[in-house]
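Just the one chain here, laid out as structure tokens, in the form predicted alone.
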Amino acid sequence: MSGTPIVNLRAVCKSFGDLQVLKSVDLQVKLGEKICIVGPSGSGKSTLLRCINLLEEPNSGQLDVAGTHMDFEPGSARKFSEKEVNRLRQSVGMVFQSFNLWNHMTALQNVMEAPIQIKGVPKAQAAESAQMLLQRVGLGNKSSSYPSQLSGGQQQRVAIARALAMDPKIMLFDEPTSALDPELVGEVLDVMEKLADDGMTMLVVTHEMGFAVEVADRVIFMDHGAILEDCVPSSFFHQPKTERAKQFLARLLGRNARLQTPVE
């Protein structure tokens, strides 16, 4: 995890009308890093991820993602071309709270669709790769199942396989377990932990603090559109520097026993 950052945000701002959601955010992510982004609801966490893959366009600042540079000048009328945007997005996979699967397609078809349509991969090759990805997320025997025949955890694992099908350099996860029943959360986190072990660069917005303790190289704490803390998990969970982070953690400690144990 050395060298030029694969993600580099400089002074990124984003507003919706009069509401400023991101306030001059600086963030650097090295290849292979696993970063968990935590904070209260409305702190800008999801918007930060959506700016990284241009689902939301920053109002100002600079963005470098996997070698694609974009400069957002305040008040500029310049629009980036579809080719520029697609080049950036092909390096970034994203998994959302909702699974967003195509209900009329099987699990296999959901995973193979983007490589065929966007990259022009031959159908047979896409099917073979999709089957391998479903196997990778523990769903090799569900390739012919439709989303309605899968549990929420299984659908989210198909969504992860679908994101991986584009061979991304970076994976973004926007609260991927928040829509799941509690007993299904573990199967999704297990897949994410395996991705982390394989060296995938990951930015994860999550309320699963135990996952952050065990997997993250860094924890970023956001509040009111700003990054207040950026440090290793042991420092954040046991020695938070800001009063706001202390308040945030105080409400969580009683609900998450995994944070009571020492972090190596």
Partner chain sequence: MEAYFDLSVLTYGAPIFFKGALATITFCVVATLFGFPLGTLIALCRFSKLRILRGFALAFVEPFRNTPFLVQAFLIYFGLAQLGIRMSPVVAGAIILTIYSSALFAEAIRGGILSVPRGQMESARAVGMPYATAMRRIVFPQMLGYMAPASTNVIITLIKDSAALAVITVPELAMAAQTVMGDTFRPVEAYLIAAVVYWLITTGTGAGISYVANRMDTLRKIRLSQSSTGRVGQ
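Residue numbers count along the first chain shown, from 1. Because the structure is predicted, anything quoted here is derived from the model rather than measured.
One more form of this protein, predicted in complex with the partner chain, exists but is not displayed; see below.
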property	result
Contact label in the predicted complex: Arg89 to the partner chain, heavy atom within 4.5 Å	yes
Residue contact check: Ala127 to the partner chain in the predicted complex, 4.5 Å heavy atom	no
Gln135 within 4.5 Å of the partner chain in the predicted complex, heavy atoms	no
4.5 Å heavy atom contact, Leu108 to the partner chain in the predicted complex	no
Heavy atom distance at most 4.5 Å to the partner chain in the predicted complex, all of Ser15, Lys45 and Met70	no
Listed range touching the partner chain, judged in the predicted complex by heavy atoms within 4.5 Å, from 49 to 57, 22 to 30, 235 to 243, 198 to 206	49 to 57
Those residues of 89 to 128 which, in the predicted complex, come within 4.5 Å of the partner chain by heavy atom	Arg89, Gln90, Val92, Met94, Phe96, Gln97, Ser98, Phe99, Asn100, Leu101, Trp102, Asn103, His104, Met105, Glu113, Ala114, Gln117, Ile118
